[in-house]
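Starting off, we have a lone chain in the form predicted alone, written out as structure tokens.
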């Protein structure tokens, strides 16, 4: 078994269609794949068709944005029922938040004589949800930045054009949505939040109260020391352990599909709860 339980298609901010994403997973020898687009379930039907054709086990997934102590946190919901009405309603709420923010971002950029509306709309192909990386790519495409890194330095961050703060639901709401859909909630890329172990432990405690019972122990950006610390926390709190690359695009070698290390056998893999 080779699992990658965190990746994105062009239905959110990835570059590949679900079909092409599953084909790439097959080439990489992945047997179990979760498509976890940001705040949308729309890519799952196409991914399921491709997975069935190639003999890959597709785990229905989604990556949901929420806040904890005024900080943005991402939670991956795995093995969710995509037809569940509670989850669907929550997803629609988050989608609308993204659309509302995008409109405010367009207007803010336009006050600086930067017109991104048509380019961003083209990038999301009328079916994705607008994300900040879409705006960053538009800034690159129109010559306002040489690459996405520069785009996020010059724009889109606090005090710069295009920065619009978002009010996301709290961890308790996200846990309720995933739980209602029969899924398992997993804290995504915990090393990215730059929390101390003490603060991360407090976050985990609050997650557990909300019914979120998993943590990504192995990602494309965790080194051995970080993974060991996360594994210790998983054992300490009795969490399910997950593995995911957070793949978005072939031109991001640091997040290669299937590139995260396998889980230690001493951990409780998240798929054991499916």
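These figures come from a predicted structure and were not determined experimentally. Numbering follows the first chain given and starts at 1.
FYI, the form predicted together with ligand AMP isn't displayed, but the following is about it.
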One residue of 90, 133, 162, 190 in contact with ligand AMP, assessed in the predicted bound form (non-hydrogen atom, 4.5 angstroms): 133
Site test, 38, 101 and 248 vs ligand AMP in the predicted bound form, non-hydrogen atom cutoff 4.5 Å: yes
Mind telling me which stretch in 93 to 101, 199 to 207, 137 to 145, 117 to 125 gets its heavy atoms within 4.5 Å of ligand AMP in the predicted bound form? 93 to 101
Residues in 1 to 37 close to ligand AMP in the predicted bound form, defined by a heavy atom within 4.5 Å, in order: 13
